[in-house]
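First comes one chain, alone, set out as structure tokens in the form predicted on its own.
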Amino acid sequence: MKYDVVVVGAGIAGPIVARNVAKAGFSVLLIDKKPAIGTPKQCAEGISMTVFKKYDIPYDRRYINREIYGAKLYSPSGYELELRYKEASGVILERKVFDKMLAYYAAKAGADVLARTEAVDVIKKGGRVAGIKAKHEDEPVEIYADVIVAADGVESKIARKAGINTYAPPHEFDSSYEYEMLIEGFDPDLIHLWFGNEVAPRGYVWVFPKDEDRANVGIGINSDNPQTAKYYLDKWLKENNIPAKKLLEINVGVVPVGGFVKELAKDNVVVVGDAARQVNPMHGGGMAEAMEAGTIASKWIVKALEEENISLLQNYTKEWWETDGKRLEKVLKVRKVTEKLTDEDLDLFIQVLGSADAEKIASGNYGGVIKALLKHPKVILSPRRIKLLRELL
């Protein structure tokens, strides 16, 4: 088989690239090792309302599970901070349908799509990657392409085999564990987040409602923790008297939260999404980041093919690092400082922050919130807290 572009992995970034490049008139093959694209999910399924228009994705009720109007944050001692909008600010997706529909949109744009097709190696000719070796329904196939896109998740076999350094130490990953379960007593119009070093070390517990009485209930913690994420999640459920007896689904995953792959393009191979560790290191979400990276990557793939100049792919690395990469580096800095916060710090900050501050946090405007905190009397009395907050500015 020969294509202009082969995309390995049909999560979020892969289908965006495949759709955009196919729309430009080039031949594209999108492959995924799973027999059913989108299954199993490894995600809390929450995403901002803004992505649909920004990335030209239909607002389709087939994968919109529930509209969300804000968030509620809980401190270790139970202080609460609520942010509620009049209009829906986000949605809880049905990822199993959403991912498959993204692949469908790629197919509708002209791309070929093959499920149950696992990339196992790259083909090299003349010292350059010329394609990939794969197994389609257990039958070996060779797929040649001018551009190879590694969108094959955190482990990214293809990027590694192409010589792109994707290594990160265990501390730079979070472990997540999630039940989709029946649960009552939480406002289903809001997402709910609990913080605390005893609750979820370096992370948080989430309840993302999918129905009035059904939600994704999960946790993310540092992956080098001596205890498992499941241990902390079950402990939280028990301490909050929430029975874990109606579990509809269990999801386990690893989230890259410690930094990003430096070299996003090497010769004719590009790496996007989780494979490039393009994840928000503060909350561990990566769907919007994957859409952005896929959009930038596809723009430069199209230009490289139009001008028959593969070296233009290097502009993907340059543009991403100057835009989203620059933003996410700042977020990473914030997260590293928040790791030093004690439970008492978290209690205090959630007590003194108002809904306007929460709105700034939600929009990524950490600077304004930090400046407000630095003026608060309870913060002024603590040199350690002042030092921590100034590290963020």
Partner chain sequence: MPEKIRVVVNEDRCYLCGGCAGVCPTLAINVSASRWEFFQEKCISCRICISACPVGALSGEPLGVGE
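Computed from a prediction, not measured in an experiment: that's the story for all the values here. Residue numbers count along the first chain shown, from 1.
One more form of this protein exists, namely the form predicted together with the partner chain; it is left out here, but the text below deals with it.
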query: Candidate spot 167, 170 and 250, all three touching the partner chain in the model of the complex (heavy atom, 4.5 Å); finding: yes
query: Partner-facing stretch of 282-290, 229-237, 204-212, 140-148, counted where any non-hydrogen atom is within 4.5 angstroms of the partner chain in the model of the complex; finding: 229-237
query: 4.5 Å heavy atom contact, residue 48 to the partner chain in the model of the complex; finding: no
query: 4.5 angstroms heavy atom contact with the partner chain in the model of the complex for residue 42; finding: yes
query: 4.5 Å heavy atom contact, residue 197 to the partner chain in the model of the complex; finding: no
query: is_contact(residue 315, the partner chain) in the model of the complex, heavy atom dist at most 4.5 Å; finding: no
query: Contact residue in the model of the complex, chosen from 75, 89, 176, 268 - any heavy atom within 4.5 Å of the partner chain; finding: 176
query: Selected contact from 336, 360, 330, 33, since only one has a non-hydrogen atom within 4.5 angstroms of the partner chain in the model of the complex; finding: 33
query: Partner contacts in the model of the complex for 137-155 (non-hydrogen atom within 4.5 angstroms of the partner chain); finding: 154, 155
